[in-house]
Each structure stands twice: as C-alpha cells, then as structure tokens.
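Read on for two forms of one protein chain; each stands alone as structure tokens, with the labels structure 1 and structure 2.
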Structure 1
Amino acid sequence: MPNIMIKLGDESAESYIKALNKVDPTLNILEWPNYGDPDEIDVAMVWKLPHGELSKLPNLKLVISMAAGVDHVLSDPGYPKDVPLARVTDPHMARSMAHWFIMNILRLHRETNYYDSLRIKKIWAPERAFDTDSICVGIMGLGYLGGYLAKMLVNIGLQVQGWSRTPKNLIGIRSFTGEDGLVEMLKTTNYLACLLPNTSATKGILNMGLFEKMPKGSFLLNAGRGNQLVEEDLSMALDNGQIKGAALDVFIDEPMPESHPFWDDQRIIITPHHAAEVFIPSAANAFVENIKRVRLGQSPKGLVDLNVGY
C-alpha cells in the first residue's frame, strides 16, 4: 500500500498519526520531512507545509488540508492543480466556532470588560437592562461554519441574517447575495460576524467603507482570516465611534507582533487563532474515509473548488 505524508505547522503529528491508525491500523503515515520515497506518497495531509513541497510528490492522488481554510495550500504556486484538495468539515469544529461567536457577541453586548473593571474597584453598579431584542447578527459567509453558527444564534433567540455567494434557504435567517445584498444586510446589522474564506474577493473586505454602512456603534467579530480586515480602518472606526467594540481571532501577522497596537486596545477582544481547531478524535474518521475513497477511485468529501479558491 502507498504511504501518507503528514505535516502540521510547528506541531508534532504524533498524536494525529496515533488517532488515524486507531481508525485504520493499516495506514502507513510518515511525518514530513522524513517521509521516505516521494514516489510512494499518494496522500498528503498538511497544515502550513512549506511551498514547493507538494510538487515533489509525483504520484499524489489527494491533498487534505488539516484546516478548514485552504489558503495555506492554494497560496503555494507549485500546487499540483490536477490533484484534488479536500478540507475539514467537522461538526466538532462547527460547534466550537459557534461557541466562540456566541461567547464574544454576549461579552460585547453585556459589556463584560466594563463590569470586570468595576469589580476590580469593588463597585456594584447594575445600571440598565440589556436590550437583547436589539441584537441583529449579520454573518458574512454562510458556509459549513457560518451556516451552523446562524442556526445556533437563532436558537438562542437572536435575529440573524447572512451573506454568501449563492442564496441560502435557512429557516429564520434572511439570506443576501451580491454587493447590493451586502449593503442591504449591513443597514440592519449591528453585530457583524465574518466567516469568509481567504480569496482575492475577500481580501480587505472589512474596511471603513463597509463599517460606515452599518448603524453607528456596531460591533465587529472576525474569525475568517486576518487579511480580510484593514486593521488601521478598525482602529479609526473604534476612535470615531462607528464601531463600538470588536472580537478578533485572526490577524494579518500571526503571531501578532508585540508592537501591534491591538494588544493595548481594550475595545478589542483578542484570541490567538484559536476559535475552532481540528479536534482529531472527531475529525480522524472523516480523514480516513477520504483516504479510502480516493484509493478506491472515488471523489473525496469536502472537495475544494480550485477555481473559486475555497
């Protein structure tokens, strides 16, 4: 049987190899760069593999992105375009991502930073009631993760609408498409949740022009990709009150440099690209299924459309 090559960013792949072998002990999985004979590799499982490495594998039948985003693979100019690329679509990840958004929408709505600061001074000041009816979440990207998030938000009683390339028919969720649709959605969105993939069409999409289309004092949450946000525009929008607060999980430079102004900006909740990660006990079955499918000459699940880039 041919071999599988695995590479996981800076992390060791040992626990992944164990989990995959628990599902199928016959799989021979070798960690990059010690994967032996390149001719023997038919599947590559990757996260942040150095560019140029995939083109060294002449008999590759499948590339598996060990992340939901595939920009780390498609930015490789040497990507072998005739090899199918599959990505993670894992229910555990969808739930985890929805939790990140719900937690931060509620943190922003209920001003937890402010109440934490009062607590330090031992001040008891309940002030006013929170107007939960006023929350309207607009989700940019109603795909696997955004679609799941939308349903969870409806279930906790929030108004939800979403924007995608193609229209969606989701119960209780208004669906918008196209540039005009985005403008329309933004008019009534006061919590903007971005779960778009990183493509040439989404780069810099979260900018001052977009913020100005939302009601003054709105909130921004981004777990898509860092380069979708024009970071200086967010700082300006926070200063002029157009945006009242933000929660960010992804950044242009990761890890975010110590000198970055966001670190000291208490109006921004920061998490280190940790909103939802591949949870191998949950994802291992799907990875193994895809390897088997491709070895049987079938198409993998979670196939990426190389023409649109996600």
Structure 2
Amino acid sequence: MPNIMIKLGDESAESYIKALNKVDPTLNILEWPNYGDPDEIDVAMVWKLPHGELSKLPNLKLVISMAAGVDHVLSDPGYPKDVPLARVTDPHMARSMAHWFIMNILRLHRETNYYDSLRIKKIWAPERAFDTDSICVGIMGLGYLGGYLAKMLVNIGLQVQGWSRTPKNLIGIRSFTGEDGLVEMLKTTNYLACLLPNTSATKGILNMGLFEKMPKGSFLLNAGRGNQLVEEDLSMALDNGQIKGAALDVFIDEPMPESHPFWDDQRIIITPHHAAEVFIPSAANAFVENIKRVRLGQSPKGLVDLNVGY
C-alpha cells in the first residue's frame, strides 16, 4: 500500500498519526522529512510545509490541508496543479465555529459587558426586554462552515441571510451574490458574521465603506482571516457609533501585540484564534475518509477550486 506523508508546522504529528491509525490501522504514515521513498507517497497531509516539497512527490494523488484554510498550500509556487487539494470538512469544527458566533452574537445582543461592569460595582440593573426578533445576521461566506452556522442560527430563531460567490439554496436563509447583492444584504444586517476564505479579493473587505452600508449601531463578528479587517476603520466606526460592538477571533498580527489598542477597548470581545480548532479524534475520521475516497478513484470531500483559492 502507498504511504502517507504528514507535516504539522513546527509541532510533532505523533498525536495525529495515532488518531489516524486508530481509525484505520493499515495506514502507513510517515512524518516529514523522514518519509522515505518519495515515489511511494500518494497522500500528503500538511500544515505549513516548506515550499517546493510537494513537487518532489511524483505519484501524489491528494493533498490534505490540516486546517480550514488552504492559503498556506496555494502560496507554494511549486504546487502541482494537477493534484487535488482538500480542506477540513469536520462536523466538530463546524459546530465549534457556529458555537463561537452564537455565543458572541448573544453576548453582544444581551449586553453582557454592561452587566458585568454593573456587577463589579454591585449594582442590580432594572428589568428590561431584549428584542430578539429584530436581530438579522448576515453571513459573509456560505461555504461548509458558513452554511453550518446559518442553519444553527435559524434553529435558535434568528433571521439569517448570507452572501457568497455562488447562489445557495438553504431553507429559511436569504442568499445574495455579487457586489450588488452584498450591498443589498448589508442594508438589513445588524450582526455581520465573516467567514470568508483568504484571497486577494477578501483582503481588507471589512472596512469603513462596508460598515457604512449597514444600519447604524450594528455589530461585527470576524472569525475569517485577520487581514480581512481594516483594524483602524473598526476603531473609527466604533468611535462614531456606526458599529456598536465587535467580536474578533483573528487579527493581522498574532499574538496581538501588547500595544494594540483593541486590548483596552471594552466594546470588542477578543478571543485568541480558537473559534474552531481542529479536534483530532473527529478530524481523523474525515481525513481517513478522503484518503480512502481518493485511493478508490473518487473525488475527496472539501475539494478546493484552485482557480478561486477555496
């Protein structure tokens, strides 16, 4: 049986190898750079593999990104374009991502920062009702993760709409495409959830021009990529009231520098890029399924369109 090569950034891949072999003990998985004969490798499982390494594997049938993003693979100028690339399609990851958005949409809506500040002062706040029927969540990116999020938001009774490159047919969810579609969606979106992939078209897309197309006093939630947000524009939008609050899991510089103004801005919920980490026991099942599919001549799940980059 052919071999599998694995590389997990600067970390040891031992825990992944054990989990994969628990699902299928017949898999022969070798950690880069000690993977033996390159002619015998048919699958590469990678995260931050040095550029040029994949082109050394002449019989490669599949590359698996060990994370949701694939830009770390596609940025390799020597990537063999005839080899399919698959991203993670793990239900556990999708559910975890959805939980992050649901948690923070409700935290922002129910003004938990305000009530936490009153608790410190031992002040009992007067009763009030929260108009949950007025919430409309707009999701930028209705792929695997965004689609999963949209369905969960509908299930908890929220209005949901989404914007994507191609039209989607999701029950109970309005779908928009194109630049005009984005503008139309933003008009009625007061909680904007970004789950876009990292491409040249999405860099800096969360900017003042976009914020101004939303209702005044809206909220931003970003768990896509840090470079999609113009951070200075968010600060200005918070100061002028166009954006009332935000929840961010990704940043341009990670870890975020101690001098960054976001640290002291109580209007922003900050999490350290952990909205949806790969959960090894669950992801192993998805990885093994794709390995089997490709070895049977079938198309892998989570196949990336190399022409668009996701």
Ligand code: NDP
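Residue positions are counted from 1 along structure 1's sequence. We call the rigid core the largest set of C-alpha positions that still match within 1.5 Å between the two forms. None of the values given here were measured: they were computed from a predicted structure.
Looking at the condition given, the form predicted in complex with the named molecule, one finds it describes the source of structure 1 alone. The interdomain rotation between structures 1 and 2, with the chain split into two rigid parts and fitted on C-alpha atoms, amounts to 14°. On a core-based overlay, Lys48 has a Cα shift of 2.9 Å between structures 1 and 2. On core superposition, Tyr35 has its C-alpha offset by 4.8 angstrom between structures 1 and 2.
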